[in-house]
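Below you will find one chain, with nothing else, as structure tokens; this is the form predicted alone, and questions on how it binds or moves follow later.
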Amino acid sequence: MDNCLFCKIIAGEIPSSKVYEDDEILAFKDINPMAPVHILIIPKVHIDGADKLNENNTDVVSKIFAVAAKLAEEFKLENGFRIVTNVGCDGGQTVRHLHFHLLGGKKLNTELC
């Protein structure tokens, strides 16, 4: 997508602090971290959000979760971590490209709202 921030990061048009990359997945540090470890994990193929997943593209989610587990180990999140995806404007999704937040490095609040 031409105006998608994350597509521009994938294309190298916008710099990021990459922590993982393969042919299908990119992970980078969030520029506005909400925890000591706050990594965004995104598919390289543009999917607007979790509401646009279907039988043709859901395999990317299992790959993202595998990357999240690898990064949690790498960043020593042995006491736990959180994986979050927001959907749509009311759900707090600010970039309309499927992405997951990996958060950890401290005891996280149990309230979600």
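Numbering starts at 1 and runs along the sequence shown. Small disclaimer: the values here were computed from a predicted structure and weren't measured.
From this point on, the text means the form predicted in complex with a small molecule, which you will not see here.
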- Among 63, 44, 29, 52, just one has a heavy atom within 4.5 Å of the small molecule in the predicted complex, namely 29
- When you measure heavy atoms, are 5, 92 and 101 every one within 4.5 angstroms of the small molecule in the predicted complex? yes
- Taking the shortest heavy atom distance, is residue 9 within 4.5 Å of the small molecule in the predicted complex? yes
- Task: Would you check, heavy atoms only and a 4.5 Å threshold, whether residue 86 touches the small molecule in the predicted complex?
- Result: yes
- Does residue 38 reach the small molecule in the predicted complex if we count a contact as any heavy atom within 4.5 Å? yes
